[in-house]
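Starting off, we have a lone chain in the form predicted on its own, written out as structure tokens.
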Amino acid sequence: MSSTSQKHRDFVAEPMGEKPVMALAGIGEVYGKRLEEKGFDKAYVVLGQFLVLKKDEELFRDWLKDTCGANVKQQGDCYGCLKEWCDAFL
């Protein structure tokens, strides 16, 4: 498995609170703005969608691609970030 980014490590190191959507690994300014425009302005709102999809990797990746156009690497980074956060805090 590839090493995780500093952004990923920072995200999973503490409770989510009111972190913006762009705090998620794999979500930068462009994809963050696209998500915000569709109502996903906070990381916890994306987490809600992740949980609605029952933490299913394929469903979440498809949703992220369809919602903001994230590529395969970004989808995987975001999925891994949320999965690890859930493993630690839920």
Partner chain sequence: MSSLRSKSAQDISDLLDEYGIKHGPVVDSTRSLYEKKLKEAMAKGKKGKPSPDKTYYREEEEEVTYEYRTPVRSDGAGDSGSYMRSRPEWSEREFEHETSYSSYLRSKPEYRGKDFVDEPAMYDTPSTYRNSYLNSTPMKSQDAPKAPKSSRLIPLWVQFAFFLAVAVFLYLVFSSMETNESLKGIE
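Positions refer to the first chain, counted from 1. Because the structure is predicted, anything quoted here is derived from the model rather than measured.
One more form of this protein should be noted, the form predicted in complex with its partner chain, which is absent from this view; the next part is about it.
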Does at least one non-hydrogen atom of V30 fall within 4.5 angstroms of its partner chain in the model of the complex?
no
Would you classify D66 as touching its partner chain in the model of the complex, given a 4.5 Å non-hydrogen atom cut-off?
yes
Given that its partner chain is not shown alongside this chain, does L47 nevertheless sit within 4.5 Å of it in the model of the complex, heavy atom to heavy atom?
no
Residue-level contact is defined here as any heavy atom of the residue lying within 4.5 Å of its partner chain in the model of the complex; does E37 satisfy this criterion?
no
Counting only non-hydrogen atoms and a 4.5 Å threshold, tell me whether L53, D56 and L59 all contact its partner chain in the model of the complex.
yes
